[in-house]
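One chain is shown next in structure tokens, namely the form predicted on its own.
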């Protein structure tokens, strides 16, 4: 990464050329959802994990703020003021007291509304790219403060790795464990699921006394990460939103069943869904599970991924 500094400068300068940032998708290894709070959010206790499914955002100088895109969701994703990329750029410009001028281009691989935080990932990439383009010189913690006002997952996607998220997910603390690569299969569904709709369904199910209790704390999951054993990790994965996602999209049960039959260590709905993720023993095992899921025709695509990955980075 090249910093835009000049001789004798004590402040970063605007970057002359384009800035390209790569940002990973996230999965939740543990997602414990508390009751609805008075502010409209649920109290969360989650373990985030960044995986090798990436979007790329390029920022160039401009005399206005524009957004174009290619890849996943082209023609479906709105590119106007409702888009988290535009909102992130405007929020950063306001914080830095600079004009919100940039030509932004998104190359998207993370599915829309898939439970993989694609929109939040793109917002995180925007904060990194525009901070460099405009020469603001903000720290990642500063950028995380801006991002937390826009989306609960954005602070994590600025840092990446594996981390504990609390509050409504925006308070992020890295989990210290010996370096280990975990291998995943990501089963991408046709169509998305609305995150607010999944949370509403969870509240409805709980009002009907099912499931009987929330998942609880992430201590078991964090202990499993430190043991570096896929079987131990698989037994510790959990997602309070899974029953609600299955209620709204019953066919996801077939995806989970197919992954089990394909020999995955375990599988679960990622976040609010409808993407399902499966843990594999190693890279070769992940390829086998992905091939079996593809052959079963229970999902639009099945791809392998590794984690943890660093957060949004200039490339």
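Keep in mind the model is a prediction, meaning the values are calculated, not measured. Residue numbers count along the first chain shown, from 1.
The same protein has a further form, the form predicted in complex with adenosine-5'-triphosphate (ATP), not shown here; the description that follows concerns it.
J.: Since only the chain is shown here, I'm wondering whether residue 153 would be in contact with adenosine-5'-triphosphate (ATP) in the model of the complex (any heavy atom pair within 4.5 Å).
T.: Judged by the heavy-atom cut-off of 4.5 Å, residue 153 is in contact with adenosine-5'-triphosphate (ATP) in the model of the complex.
J.: Could you confirm whether residue 108 comes within 4.5 Å of adenosine-5'-triphosphate (ATP) in the model of the complex, counting heavy atoms only?
T.: Residue-level check for residue 108: yes, a contact with adenosine-5'-triphosphate (ATP).
J.: Is residue 242 close enough to adenosine-5'-triphosphate (ATP) in the model of the complex to count, meaning some heavy atom within 4.5 Å?
T.: Result no; residue 242 lies far from adenosine-5'-triphosphate (ATP) in the model of the complex.
J.: Please tell me whether any heavy atom belonging to residue 147 falls inside 4.5 Å of a heavy atom of adenosine-5'-triphosphate (ATP), as the geometry stands in the model of the complex.
T.: No.
J.: Out of the stretches listed (174-182, 94-102, 139-147, 120-128), which one is close to adenosine-5'-triphosphate (ATP) in the model of the complex, meaning heavy atoms within 4.5 Å?
T.: Stretch with heavy atoms near the partner: 120-128.
J.: Tell me whether 83, 112 and 195, taken together, all sit within 4.5 Å of adenosine-5'-triphosphate (ATP) in the model of the complex, counting heavy atoms only.
T.: Per the other structure, all of 83, 112 and 195 touch adenosine-5'-triphosphate (ATP).
J.: May I ask you to choose, among 116, 187, 133, 88, the residue with a heavy atom within 4.5 Å of adenosine-5'-triphosphate (ATP) in the model of the complex?
T.: It is 116.
J.: Exactly one of 202, 221, 77, 163 has a non-hydrogen atom within 4.5 Å of adenosine-5'-triphosphate (ATP) in the model of the complex; which residue is it?
T.: Only one listed residue qualifies here, and that residue is 77.
J.: Looking at adenosine-5'-triphosphate (ATP) in the model of the complex, which residues in 26-44 have at least one heavy atom within 4.5 Å of it?
T.: Contacts from 26-44: just 26.
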